[in-house]
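In the structure tokens that follow, a single protein chain appears in two forms: structure 1, then structure 2.
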Structure 1
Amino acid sequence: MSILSEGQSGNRVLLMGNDAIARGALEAGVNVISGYPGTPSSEIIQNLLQVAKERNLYVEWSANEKVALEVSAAASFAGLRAMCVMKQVGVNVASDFLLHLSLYGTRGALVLVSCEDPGALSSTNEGESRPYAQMMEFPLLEPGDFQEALEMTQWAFDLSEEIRNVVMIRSVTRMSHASGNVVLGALPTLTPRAVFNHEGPLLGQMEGPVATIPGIVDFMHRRQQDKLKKVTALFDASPFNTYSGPEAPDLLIITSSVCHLYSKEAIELLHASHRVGLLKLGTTWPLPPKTLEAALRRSDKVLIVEETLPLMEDNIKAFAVERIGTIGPKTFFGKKEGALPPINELNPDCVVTAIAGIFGLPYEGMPATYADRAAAIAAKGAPVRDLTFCPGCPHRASFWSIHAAIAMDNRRGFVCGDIGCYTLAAGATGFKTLKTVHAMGSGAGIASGFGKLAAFGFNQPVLAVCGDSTFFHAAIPALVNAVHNRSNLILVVLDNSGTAMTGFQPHPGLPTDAMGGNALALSIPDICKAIGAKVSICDPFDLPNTQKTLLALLEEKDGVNVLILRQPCALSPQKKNKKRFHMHVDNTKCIGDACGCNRLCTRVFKCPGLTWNSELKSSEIDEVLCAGCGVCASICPSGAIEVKEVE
């Protein structure tokens, strides 16, 4: 049982934002859910999986976000209600199909949920997907609190079916991962029958073939824009757009999403509710014109509070220019004139500072003396915590061997990487081995480009790494490209048997699907061979053999070689809390600085399971942290680290 399904209508419960979105989808009668894992979005699908059989859902972790959207679109075309979930970078992957889908439209409801990461707390960029709604012309909703996360999700399904198009819900980290009280609604009991009607006329959206082809694009684009006119009218009547405050405030704040909560708190902290009006927009594109015009009439000064790009700021300013004859001139404050920071997450203090600056109030959010004292205490009192691989992580061993092989080869070889736990190899924990890091699968694609530069005198060995989930997500096309174009590279697939970084969601290489059923496990070696690459497989914990194999591959003059380093993640369900070896440091052999290794194990290898005892002048094993992988014994030049197999 799950709180998502056991809570009764009218119950008041504490829900995380992602749980509220999931419950809203259930209350809307969702049938099919698909997506690709990525923080801060993963819990939505993870929690719906728990009630999939009970609620007769089909839930899928797809190979990537574009495929996920195509899977949900199929359900919509068959008349079912579908939801597709991803993080902001995933919308970029899905955007190719999304452009076509939004032009043609949908049949059953299709809600696209994008959970985004202002401040890049768990991302490699601070991108956002709101501009896609404007560029591709479909409605955008942004819940302003946890109750709205539930109710707005439910409403999004109705809206999608009313206009027969995609509706996007945008959440952010502080909405997805924070919690609040939510009053539940009722869960439906009907299970619809899926039917794909395709015998109707070409332009019949509900009966004809689903195709965006030349010759009918003008018609479909006009139809899409007619839908937006309908959306605009619906948004003006939406209960998710609310105004609170004086009739004629000194300052009007226009905001959305979690910034609504920051703005409310800022007004309260400044005791400025008698001077500041607050327009909270839940429907942020297209803008609701009557609602916006009525609000703008209230004040000559307007502060727009939003995270990441100044999208609302630009659109509201353009709207104000169009309506200047009726609303009069305005002075705008926001990101562009510097009232709010142009990057990173906002918080109540940012909004308080902005309001105080506009009003000329003597407010200081955090005194400089306090900040200086906190920094000084943190420097002395907080333990140093490097970004590092977990104890027993196979990636540490993999990059130890890759780094060593490149150094022994001595031709300035380098590794192109991408997104996953192994991105840490750009830093000290991976011996600074990664030299490029961009989007998923881009390591192999960039390496494919480097591998074609011999005609320009380029003679450095080129390697790329990707994880097993990333291999299926985006590396296969890059590998195809490299083989077809006879590029020279080594692709190292770091196969730790799952999408470890986001919680071990299954991928097409595993024998189970998201719902726990049997699935066909696709062989990475067989796929690589079928493409035309030469394939080797090693255990990364076997350092001598891995390094020997890498050195041999570096000697290869031409073509694409794939080395699969296969070892399950130390935190995977099959390995967690199970040690292969008991580890021990022989203090008679570990003589520390007198050894000549310069404390290689704790200074360079840096597994958290190894510690340096400054009193004994010797390394030690931390029995709590050590995962018993045995790799550290292989790197100790004096043989002081001993292994004993667990019986």
Structure 2
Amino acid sequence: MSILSEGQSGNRVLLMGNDAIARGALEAGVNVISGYPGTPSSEIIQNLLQVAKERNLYVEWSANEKVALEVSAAASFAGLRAMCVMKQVGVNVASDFLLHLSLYGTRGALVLVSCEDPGALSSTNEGESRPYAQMMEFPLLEPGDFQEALEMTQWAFDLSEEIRNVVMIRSVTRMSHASGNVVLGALPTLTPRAVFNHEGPLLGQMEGPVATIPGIVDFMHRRQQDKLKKVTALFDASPFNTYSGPEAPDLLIITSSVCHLYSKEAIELLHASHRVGLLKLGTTWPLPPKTLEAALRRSDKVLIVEETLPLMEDNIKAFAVERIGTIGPKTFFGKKEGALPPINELNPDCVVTAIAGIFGLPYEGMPATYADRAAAIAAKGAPVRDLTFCPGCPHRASFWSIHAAIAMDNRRGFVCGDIGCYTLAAGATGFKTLKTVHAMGSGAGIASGFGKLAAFGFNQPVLAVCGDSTFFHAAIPALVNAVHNRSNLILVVLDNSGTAMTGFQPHPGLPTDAMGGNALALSIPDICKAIGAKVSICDPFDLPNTQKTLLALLEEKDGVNVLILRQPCALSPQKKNKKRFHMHVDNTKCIGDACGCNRLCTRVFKCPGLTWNSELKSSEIDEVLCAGCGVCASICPSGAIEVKEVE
């Protein structure tokens, strides 16, 4: 049962932005959806999976975003409608193929959805992929509210088929993970048939081989640019570009995406609707010239509100220079001259500040005395909540052992980190064990480089970590590189049987695919052995054995060793809400600071399932939080933490 398939045309419902995008794709008659999970994009595919069978979809969590785009492209080449979904960093992974894809073009619709994270609310960067649309010359759409997220997605499929090229929809966290009201459209009845026509001429868009090869690139590139000219005309006629406000406002705001809602609210908060005009662009690359020119004629002052890079700002300024003869000189406000912050996500207050600054209007969001007092109380009364591994998380145990082994080895060893829940091990929750963190697969890749520096006097042990999903996504080529080049490193695969960070999606190492079908589970140890690495496997909850194994691997000075630490995620379906052990602290045995253990369990191990009772001067188990993994019992030197098997 899902609102995505049950909702009838005309129903007014509450949908998350990602659901609105998914419903828009269903209303467009999408056939194939692929992607790789990443916050804030994951729910689009997650929710389409629920209706895959009834809507006759093929849905796939691919090994990485480049492969996902290739899978969607194949569907398009076979005449089907496809959608490929990822987060901002995923577009970087897909970009190698994307450049070639957009040059040749597509057949059936291919919509690329990039969900981005201005402010890096759950990312390690706030990069964005809008510049790819400009750089690789394909159209870009940005929904400005929830209804548009649905309607624009639906239209993107038609647009893609009209110009036979990729169309990108860019969402942001505050659209993807926000929810709002949407009126549903109808779901089509479809009986698609997939055929790849490859017998026609090389230069044919719909019949021949799909290949960009030297000698025809100029033809392809010309054809691609002709498509963009067509797009420009279509964009000028698009209902997704709207103007509201006075005929000749004192200030024109040009905005897109969720910044449209921030701008609307800022105008309302300042009671400035009689003075400020609002041009909301849904089509942000290529810019719609007639629409833009008409709006720019209205006002000499222009504020451009967008996240995060000043992309529209730069393009609109360039446009205004071209048209200065007809539109006259303008004063621009935005990120470049400091009206809006050049980093981080925006909000209504940012836009209020910008408008109030331009007009010299007074505005007080919060009474100053209240603000001062609330800030003083919060400083004392709201302790910071650093992110931490969940109670029962195998990674806490893994990093406990890795950290301990490196310390015992005492040669300044370090771990090259990677992207997943375990990235948190760069902080206190993983004992600050990670010393580098970049893109997916970069842990193993960087370690491969460090492991070749012996000739320069480098003698520190080099470790890298990656998760099981990351292993398939991007660590394999790095491992191949390390083995082939005889680099010296230990790769620890933190195998928790799923893509935990984003909601436990399957990956190629699991026996089930995204749609619940039987899949071939690829063995990580077998792959590592086939590549030529030596492989060991431990249960990270078995601390003594894991540490003994790690110490032995650190002793081995040459070659690539892989240690697989295998224990399912505490949030995995088979474990969630099921305790293996009842934990109990015997507070006659736990003597706190008098023990000499430095409160190892609470001060150092830092599991949220353990708390410190300052009156009893003893540790306690928080029954609400404890997941019953039993690991803390192994670290207590007094044997005060007791485990009892749950029946």
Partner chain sequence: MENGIPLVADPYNLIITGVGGQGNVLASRIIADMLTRLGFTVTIGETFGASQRGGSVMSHLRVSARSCYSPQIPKGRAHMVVALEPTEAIRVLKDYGNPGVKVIANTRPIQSIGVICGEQSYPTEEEIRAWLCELSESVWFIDTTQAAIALGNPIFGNIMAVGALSATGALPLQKDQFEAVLREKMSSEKVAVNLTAFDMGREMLSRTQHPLH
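Numbering for residues begins at 1 and runs along the sequence of structure 1. Because the structure is predicted, anything quoted here is derived from the model rather than measured. Think of the rigid core as the biggest set of C-alphas that the two forms share within 1.5 Å after superposition.
- Of the two forms shown, the one predicted in complex with its partner chain is structure 2, not structure 1.
- Core-superposed comparison between structure 1 and structure 2: the CA of P329 stays below a 2 Å shift.
- With a cut-off of 2 Å and the rigid core superposed, P383 has a Cα displacement that reaches or exceeds the cut-off between structure 1 and structure 2.
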